[in-house]
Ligand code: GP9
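Below you'll find only one chain, the form predicted on its own, shown as structure tokens.
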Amino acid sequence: MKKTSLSKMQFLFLATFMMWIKTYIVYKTSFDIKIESWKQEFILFINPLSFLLLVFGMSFFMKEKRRNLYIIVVSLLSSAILFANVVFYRFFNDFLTIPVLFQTSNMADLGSSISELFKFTDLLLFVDVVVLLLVFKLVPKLTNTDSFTKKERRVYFLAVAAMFFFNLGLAETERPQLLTRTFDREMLIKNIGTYNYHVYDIVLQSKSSAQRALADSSSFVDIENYLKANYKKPNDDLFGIAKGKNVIYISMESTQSFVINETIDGEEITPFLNDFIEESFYFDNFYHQTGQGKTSDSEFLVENSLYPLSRGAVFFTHGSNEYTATPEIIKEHGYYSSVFHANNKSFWNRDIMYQSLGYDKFFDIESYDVNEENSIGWGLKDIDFFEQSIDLLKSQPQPFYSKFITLTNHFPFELDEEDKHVNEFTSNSRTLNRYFPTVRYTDEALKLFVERLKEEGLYENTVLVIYGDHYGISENHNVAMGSFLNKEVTPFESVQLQRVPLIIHIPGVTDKNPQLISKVSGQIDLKPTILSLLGIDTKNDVHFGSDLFSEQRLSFAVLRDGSFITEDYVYTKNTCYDKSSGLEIEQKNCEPYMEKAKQELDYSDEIVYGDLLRFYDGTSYNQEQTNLKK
């Protein structure tokens, strides 16, 4: 008896239905996707369908005996993609991209982080694959070995196309120009679905790979004009006040501002930093602006005053680009530059990227004695790290520009009992609970390091810049964070939690006149700030940040996901908030800043993707073009 078209597709429809419903359940249980209306919920519900019907429908072109096996394999691969996103989202509160998948050299170092993120219930994501295998073996009448006619294939794929354009049309009514918001992955997932998003990501990757080849010197003109128009004159009183001094950057792993001047069971979480702030410039509205590259992104921001990419890590994707980074600039002023980090030199592709940035020396794990007694979690404990670094630091010529990257306060926040100076917090989040003792340990390590700098006679001639690199507690722990902060963590509060400490200490200056500076700022502002303090003119330098002490600078910071903060407003997740009250207000209040935020991110992306700084020689670009025409 000849089968009807629908009866031929029973196995395909079963696979599609199970994958569709499973994906929707994952949306609701594993991802924090903000839904504001019934239409958004409907779009979220239907968005996996067009991709699943398309990819399963490709079996129509296969020989009958291979068709069902193909459907099972596609179900397995689709489940694996979903599983990978679930585990990745659990810590990073973000979705996978192609550049992240290329960062395989980092995987061997993740160790306990991955095991901490995996849950036994994740195996349920593959239940439908098991069901398909059982049906294939035990219920052969549901499988199909009949061929499809051209008409059947045509009707099917027209229906799939109609479903896709229906989905996309609805999404565009909710969010016009949806596909231009490549930095907002949650928006894309919510509207076109996980699988379509990954297809789009492949398209973006191909496009970005072609940008460098197509770029030429004219690509830089509009960007330079923008940078010149937004240049802010440094503070005359502070320009050059640290000229000739050593500079030590300390990147505090996963340290957010909410721990400053707070206690656990009556004990200060950061006693040293609390005291050090009282003799320094302290910026309490300073935001990290990192993306998927986390610590490496913060390094990129600090050294280049360019934004990181929305997808992957610049250190991996564009490690061989030309840059005008701080280490290269200060070399012309007699500085020796170095990085101290007790990790593998290849992690985050640092061995390649540091050469591009112009560093003279990288003291990696080979420079340290690391053993079971002095290491935990991701490696060498911070106290041992700083102590072993002293002789290495002294071996350098002066003046030096050196960056220290700490490790102990890294997820999953492991620490030996004897190293705990404060108790764990009590909440439903094991991650947040363990966070506070590791922050306290890093604080103790910083105190001992500063004492050693004083003992070695380095302290008085050294500018200390201490900052948090990125968040440690993601939005997945908002309920627990709310119990610590004693308030609900709304999207507005989540943005406020992206503040990280910034302390700038200049001996002989800040200890006599410490200041609390509350203007909104970000990591992108550090490069021009430090160069100005050292008396180095940045007028012709390529940077999107501005001197933190400039009287002209705006109170403004853009985050990599497109959110931004001003003196009066916070904009995030397509919503405008009043900064003083945290309440939603009309979007028109934020509109004057929306174009500026998008333009800066886009221009910075153009520089990185096109490797545009290879056309820049450190002088006025427009003057260079004029000379060429002559």
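Residue numbers here begin at 1 and follow the sequence given. Quick caveat: nothing in here was measured; it's all calculated off a predicted structure.
Below, we refer to the form predicted together with the named molecule, which is not included among the displayed structures.
A.B. asks: To verify the annotation, which of these, 249, 195, 316, 378, has a non-hydrogen atom within 4.5 Å of the named molecule in the predicted complex?
C.D. replies: Of the listed residues, the single hit is 378.
A.B. asks: Among 410, 403, 560, 543, which has any heavy atom within 4.5 Å of the named molecule in the predicted complex?
C.D. replies: The option sitting close enough to the partner is 410.
A.B. asks: Look up in the predicted complex whether residue 220 has a non-hydrogen atom within 4.5 angstroms of the named molecule, and give yes or no.
C.D. replies: Residue 220: no contact with the named molecule in the predicted complex.
A.B. asks: Residue-level contact is defined here as any heavy atom of the residue lying within 4.5 Å of the named molecule in the predicted complex; does residue 434 satisfy this criterion?
C.D. replies: Because no heavy atom of residue 434 falls inside 4.5 Å of the named molecule in the predicted complex, the answer is no.
A.B. asks: Answer with yes or no whether residue 462 is in contact with the named molecule in the predicted complex, where contact means some heavy atom within 4.5 Å.
C.D. replies: No, residue 462 sits far enough from the named molecule in the predicted complex that none of its heavy atoms falls within 4.5 Å.
A.B. asks: Quick one: does residue 308 come within 4.5 Å of the named molecule in the predicted complex, counting heavy atoms only?
C.D. replies: Residue 308 lies outside the contact set for the named molecule.
A.B. asks: The chain here is shown without the named molecule. Which stretch in 366 to 374, 443 to 451, 381 to 389, 336 to 344 comes within 4.5 angstroms of it in the predicted complex, by heavy atom distance?
C.D. replies: Result for this chain: 336 to 344.
A.B. asks: Any residue of 496 to 531 with a heavy atom within 4.5 Å of the named molecule in the predicted complex counts; write them all down in order.
C.D. replies: Going through 496 to 531 in order - heavy atoms within 4.5 Å of the named molecule in the predicted complex - there are no hits.
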